[in-house]
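Okay, so here's just one chain, in structure tokens, the form predicted on its own.
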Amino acid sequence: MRALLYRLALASLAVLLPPLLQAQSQDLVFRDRFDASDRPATRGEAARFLTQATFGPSDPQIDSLAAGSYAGWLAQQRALPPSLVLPYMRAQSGTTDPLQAIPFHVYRQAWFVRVLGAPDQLRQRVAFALSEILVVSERGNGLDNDGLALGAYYDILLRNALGNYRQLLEEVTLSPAMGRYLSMYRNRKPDPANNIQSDENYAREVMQLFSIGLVKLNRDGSPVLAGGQAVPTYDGDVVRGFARVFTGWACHCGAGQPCPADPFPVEPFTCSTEHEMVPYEAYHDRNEKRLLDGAVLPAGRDARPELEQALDLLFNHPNVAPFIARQLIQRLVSSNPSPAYIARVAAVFDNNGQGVRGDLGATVQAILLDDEARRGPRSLPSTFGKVREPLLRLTALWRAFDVEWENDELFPDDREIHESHNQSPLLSPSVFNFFSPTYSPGGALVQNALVAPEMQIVTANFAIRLANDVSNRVFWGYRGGPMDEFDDRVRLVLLDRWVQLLQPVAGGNEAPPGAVDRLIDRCADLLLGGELTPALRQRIRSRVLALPPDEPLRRVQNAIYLIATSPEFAVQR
């Protein structure tokens, strides 16, 4: 897959980069059999694991992983409490009032602070992956500039990222943010006399996108066939049945407020965006409902037990394990996992070894420790890998080079980061995320039945903006540089220790012998997992050596820039 994706990346970056030779496969250092109790054999191998499991490797994290083991690192991460965004947002806004509005940009500020600096990196990374599956967006219904509701929603993902998918599904369903976004909020039972039908929006998306998908799946993610055709998981009648299940729910009123008996005609109070929605039985459909695969919910049921039974039905459907497993693998490891990889992860989702279904912590561990994740670049060189999401390119660069900032207040540049990166947390254009998990840009990928979801947001303009953004952050946004003097809110990379590598030897004009190669190797470990093609190495080396030895900062900046704008960095291996 790498060569194919490289060609696509090169096509979009051709206006920015000199021609690169086609990448040659390079073997990493692997043992005969991967063992989770082992330590990474190289720093690059450690960095490659951390690229999949975090928002980007840093030297301290590589050292920590190298001193222990993969399994030990995962156990430590799973034990860490969640670094939530909403408490941070309230502290930044100077309020303890749970109902006081908070602008959306404060959520985005909190998100960057957490993903760049929080210790629970695995949880943060999985929560971001889940935010692209269980999508809510500031661009959606009733959520414009509502940082409070969106921060509360993201904390649901953080709390449950390594918990149980059934609990996550229920908390998402009853979230006020999701209720507004997919219009389950104040959804009424059918009333033909007044031309009222139950809203089908959430009923459709909770099946299509959040749990079972459109067609029945085998354990390995392949479609179940009947007469050569895929078998649908549900039809319009099932959607209408679930729509009637999801009736009668509205926001919980704030503490100390007089709660109206009937908020459905008009909502005369301030909603609590942290408390789950609550049922109002007068608006809940109590008739019999036919749902998935002939299941019937009897008449006369209250809203909550019926909702829980319906979610149990979805959660226990055999599709959920391969459907969610495939998408989590795509977000963390590889766009085109083999059927066997999906089946192995789905088996852990079905049973974590202790009889528990839906254990996300165990599922994520299975994804990251699978033989395909660890050995894929060698065992499946033509299909393994994924295009890095734009935000993950930025966080990887910042974390690799010790990002710091003096003032947590969000720099205006970052407020509009979705314009430079075509992506921003909880700001997708629709419930279908920034890109579809089945998207293929065509050409050789389609011919080889491969997908590259992230390429759906890559355009020529985006490629130019992204390269310019990298240039600004490397050549201007470093400690002691122009942006450091301009504003204390700017996030800065720290290049001093890298510059020291190339400082001319005392009494001379040249860097220490081998210093340029050591610089390139260390940058390659952090940004490329140690995989640096000879063509790119030679290009970087030639450029660095063409610069005066007494300008080590420029040499370092050019090396970083050439790696961070290369197709090799654009493709996560």
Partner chain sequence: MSPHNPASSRRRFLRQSLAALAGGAGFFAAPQSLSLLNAAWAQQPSCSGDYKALVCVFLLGGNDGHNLVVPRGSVEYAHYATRRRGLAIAQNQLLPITPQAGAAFPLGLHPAVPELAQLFETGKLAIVGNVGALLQPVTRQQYDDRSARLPPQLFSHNDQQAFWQSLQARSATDTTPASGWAGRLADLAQPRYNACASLAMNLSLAGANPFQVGRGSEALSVDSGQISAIETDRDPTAAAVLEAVYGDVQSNLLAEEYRRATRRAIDDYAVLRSALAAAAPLATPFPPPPGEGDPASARFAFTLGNQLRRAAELISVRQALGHRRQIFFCSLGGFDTHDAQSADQPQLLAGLSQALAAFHRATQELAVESQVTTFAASEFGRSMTSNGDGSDHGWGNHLFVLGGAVAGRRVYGAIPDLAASSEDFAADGNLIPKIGVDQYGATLARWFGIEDAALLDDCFPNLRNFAQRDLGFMSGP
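Positions refer to the first chain, counted from 1. Remember, predicted model here, so these are calculated numbers, not experimental data.
The same protein has a further form, the form predicted together with the partner chain, not shown here; the description that follows concerns it.
For a residue to qualify, one of its non-hydrogen atoms must sit within 4.5 Å of the partner chain in the predicted bound form; none of S83, V113 and V493 qualifies. Partner proximity in the predicted bound form, defined as non-hydrogen atoms within 4.5 angstroms of the partner chain, places exactly one of 169-177, 320-328, 401-409, 215-223 at the interface: 215-223. Although the partner is absent from this view, P119 stays clear of the partner chain in the predicted bound form, with no non-hydrogen atom inside 4.5 angstroms.
By the criterion of a heavy atom within 4.5 Å, G294 is excluded from the residues contacting the partner chain in the predicted bound form. The partner chain in the predicted bound form is not approached by G361, whose heavy atoms all lie more than 4.5 angstroms from it. At the 4.5 Å threshold, heavy atoms of L99 stay clear of the partner chain in the predicted bound form, well away from it. Contact with the partner chain in the predicted bound form, defined as a heavy atom within 4.5 Å, holds for exactly one of W498, F210, F384, F128, namely F384. With the partner omitted from this view, the residue of F432, Y280, Y88, F315 that lies near the partner chain in the predicted bound form is F432 [heavy atom within 4.5 Å].
Contacts to the partner chain in the predicted bound form (heavy atom within 4.5 Å) from stretch 195-214: N195, I196, Q197, S198, D199, E200, N201, R204, E205, Q208, L214.
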